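Below, in structure tokens: the form predicted on its own, a single chain.
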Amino acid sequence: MSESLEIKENVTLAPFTSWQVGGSAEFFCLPETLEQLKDALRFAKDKGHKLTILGSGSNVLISDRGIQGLTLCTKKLKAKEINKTETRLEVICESGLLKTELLKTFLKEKLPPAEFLAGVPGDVGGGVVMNAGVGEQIRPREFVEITDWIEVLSLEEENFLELKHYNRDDLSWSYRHCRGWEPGLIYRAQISWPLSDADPEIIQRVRSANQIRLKKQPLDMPSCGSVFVNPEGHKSGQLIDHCGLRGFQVGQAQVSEKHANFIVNLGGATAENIDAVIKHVQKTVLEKKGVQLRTEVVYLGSW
């Protein structure tokens, strides 16, 4: 095992999530290189530990009882390489690179992905896994449009730790999902856009979009971003609002007063509080509107 890879025991996970809630990891590591990443995966396999992958923690709800086995956090895998061809800006980036860092790269060239990336939290790996996107009718608006390829460390028994390459068309993309690369761990991706689409007004549009989001979304409070996927023909926030649930609260977890598709931690919320709010919202919207809300949030740990 790499000398510099430290595997810790009983690490509190709340600081590694945007909701600032959750129990402890039985084992925890923060690999910084591909070799350390492989060492961590070998450790979990050799010890027979369940493996949980944690990225930037922006779209997960970790149980107050914590996570058994090894929790592998990718936030230190954030290297990027920028290439400019005659026609495209290409960014090869590790999965833990924050989307805000990717945004800066595209903004420097005044390219449209900057506006899209301003609206989605988290990291590149999560962006691919969730095919992250925004509600605005802009181009691009989903990760499928900016992803050229991904590299995945296989977790299959017969080719364990083999680095597999998938082009965009090899994968199955849908609303808030990307399939066809599992089981594995996304190590890096190439994100690109045509240089011919440079727009001198993009900087102002990004600034304006950020100002609008600050007014409409509780970005100054711990949350996970949008909690529920928009059902076909509906907007989750509007459904929740029309059911009179804005401000609904369990403990210190509350449906945001600013945007009903956000659940915020008022300070001292538990994962159980947040889960109770989620379940109450789902039950109420189903009873009053006949619509089953599905979460974007991924539940991790012992529930």
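The numbering used is simple: start at 1 and walk along the sequence shown. Bear in mind the structure is a predicted one, so any value in this text is a computation, not a measurement.
Although it is not shown, the form predicted together with a small molecule is what the next lines describe.
Of the candidate stretches 117-125, 162-170, 204-212, 85-93, only 117-125 has residues with heavy atoms within 4.5 Å of the small molecule in the model of the complex.
Residue contact with the small molecule in the model of the complex: S58 places a heavy atom within 4.5 Å of it. In the model of the complex, the small molecule sits within 4.5 Å of a heavy atom belonging to G184. Contact check for I278: no non-hydrogen atom falls within 4.5 Å of the small molecule in the model of the complex. In the model of the complex, none of the heavy atoms of N230 sits within 4.5 Å of a heavy atom of the small molecule. A single residue from the set F28, F248, F43, F262 has any heavy atom within 4.5 angstroms of the small molecule in the model of the complex; that residue is F262. In summary, among the residues L239, A269, I53, I67, the only one with a non-hydrogen atom within 4.5 Å of the small molecule in the model of the complex is I53.
For the three marked residues, A132, R176 and G225, a heavy atom of each sits within 4.5 Å of the small molecule in the model of the complex.
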